Ligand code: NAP
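Just the one chain here, the form predicted on its own, laid out as C-alpha cells.
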Amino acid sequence: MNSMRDDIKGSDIDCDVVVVGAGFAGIYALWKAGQRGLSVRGFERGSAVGGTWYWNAYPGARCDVASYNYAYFFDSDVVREWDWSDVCSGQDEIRRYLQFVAEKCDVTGQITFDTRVESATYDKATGLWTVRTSGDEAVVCRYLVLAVGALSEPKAPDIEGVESFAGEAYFTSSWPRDRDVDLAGKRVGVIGTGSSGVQSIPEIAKVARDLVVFQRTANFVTPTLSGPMDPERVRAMRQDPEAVRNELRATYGGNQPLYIGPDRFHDLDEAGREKALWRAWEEREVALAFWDSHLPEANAAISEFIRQRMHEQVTDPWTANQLVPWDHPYGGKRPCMSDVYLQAYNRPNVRLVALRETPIERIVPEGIVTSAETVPLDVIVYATGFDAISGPVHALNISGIDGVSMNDAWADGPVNYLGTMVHGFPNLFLPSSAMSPSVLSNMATLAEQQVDFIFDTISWLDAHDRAGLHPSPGSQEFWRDETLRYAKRVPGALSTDSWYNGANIPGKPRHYMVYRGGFNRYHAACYAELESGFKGYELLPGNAGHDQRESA
C-alpha cells in the first residue's frame, strides 16, 4: 500500500504523537507525551484551550460535577495553587482553569490553534499515520490521540426552513466568543430542554421581553450542589492529591459523592423511605437516597419523589405537568441540575410550547410555526445538543488498514475495545469515546485514567519492540456485550430514547454507547490487559517507527 503522500518516505516522521483537541484529555495527553520523552504536536479548532468549555459559553453554562472532583490530580502543585469559587463552577472559570494548567505544564506552545483536522490516514507499509489539517499541513506520526470529546459535534436542527429565519440565531454548543450577545428586550425562542437549555433558559428569561421554550421531551431536574467550597474538604484534598486520585478511580462514577444513603431500600418501611428521600434531597444527592439506589424498586421511588418535587415548583398546573418527565425513569437519559430552571416558568414573560402536542412544522422569516400557531421571534436559540460520542469521530475522515474508513467500520454503530481502540486502526486512541464510562462518569478523572493507559500502552510497545497494536474483533464483540450487559441493569437505559443511544439524530444507528459497569471496574479491565501483555489485541511486529526514526 502506498503512503498518502508520494513525497513522504517511511523514515520521515514529524513527531511521535499527534493529539487532536485541547480539553481535559488533550492537555493532559500533551503533557504526558513530554514526560515520556515523546515528541508531540497538538491541534485545536478553537482559539484557546478548553475543549467543550471553550465553545459552550452560553448564558448560565456551568458544570454539575463538584469541583472537588472535576479537576486534575496528576500534579500536586496544580491542586494546591488553584482556588475554585464554587462547588459547581461556571464555564468561564473552568476555561480559565484549563488555561492555567496548560500554561503551568508548558503545553500551549505545542498546540496549533484555529485548526481543524480534516483527515487521518494509516499507512500499513510504514505503520504511520498522516494527519491533514485545515492549515494545509500533513503531519506524519506513530501514534494518534483523538481527544475530541464526547460532546463536541453540534447537532444541526432538522427543521424545515431553518435558513429562512430573518432574526438572530445562536447555538448553545457554539456560542459567539468574539462579541456579546444582547438579548435584552427581545422576543426569544429556545428549542431544547436538555442540560444547555435548562442552564440557559433562566438567564435568558431575566432579560428577554418574551421567552418561548419549545420542549420535545421533559427531563428530570434536581437541585445543584452549587455553593461555597468547604475549606476543610479543600484542605484534605490538597494534603495528598495522589491519594485522592487513586480514590476517585476506585469509585463507581469517578467521583467522591458528598452523601450516600446509609440504608437499603428494602430494609425501610414506607415512612423510612420517605425520610431517606427527603434527607437525600436536602443533601442534594437524591439519586443516592439509598445504599442500593440502583435497584428498580428504589429507582422507581426516587423517580416518583423527584417528579413530585418538580411539579410543586411550577405554579401553572398544565406547565408543571408538561415539565415533569413521566415517560422514563430517573437515569434513563441524562438528568439535569438547576436551582432556578423550573421557577423560570413562573415568570410572566416565559411560556412553554409542548412539541408532543403541537409540533414545530417549519421556521419562517418571522419566527416558528407550530401545528397550532405562529410564534413571532427576534432570536432563536438552538439548545439542540450534539451528535454525541460517536459524532466527533465520524467528522474526522479516518482511514485505517487497507483504506477502510472509520465511518464504514462504525456503520452499524460504534465498536471498540475498552472504549479506546478500534480493530483495523492501529495506534489510534480514542479517549472519552463510545463504550467507556465517558459522560456517565467524572470526565476529568476519566481523562487522566485513559491518557495514563494510552501512554502506558505506548511505553509497553517500545519496551517490547512492537510497532503497534489494535484490538481483535473478538475483543470488540466481548466489550459490546459487556456494555449492553451493564446497561440492562439500569432502569430505562435501553428503553429510553436519548443521545446515549443516538436516538436524537435521525438515521443514526441505535446503539447504547456508554459503559455502565462502573469506573472502578473499567479501570481494572484496562490494566488487566496491560498486565497480560495485551492478550485482547493484535500486536504488530517490529517497532518500525522507532527504528526509522533512529536511522533517519
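In this text, residue numbers run from 1 along the sequence as written. Being a predicted model, the structure only gives us computed values, none of them experimental.
The same protein has a further form, the form predicted in complex with this ligand, not shown here; the description that follows concerns it.
- Contact with this ligand in the predicted complex, defined as a heavy atom within 4.5 Å, holds for exactly one of 196, 436, 427, 449, namely 196.
- Interface residue among 298, 191, 352, 406, judged by heavy atoms within 4.5 Å of this ligand in the predicted complex: 191.
- Contact with this ligand, judged by heavy atoms within 4.5 Å in the predicted complex, is confined among 261-269, 154-162, 101-109, 241-249 to 154-162.
- Remark: residue 63 counts among the residues lining this ligand in the predicted complex, judged by a heavy atom distance of 4.5 Å or less.
- With a 4.5 Å cutoff on heavy atoms, residue 187 does not count as touching this ligand in the predicted complex; it lies far away.
- This ligand in the predicted complex is not approached by residue 205, whose heavy atoms all lie more than 4.5 angstroms from it.
- The shortest heavy atom separation between residue 58 and this ligand in the predicted complex is within 4.5 Å.
- Of all the residues from 377-416, those having a non-hydrogen atom no more than 4.5 Å from this ligand in the predicted complex are 383, 384, 385, 386.
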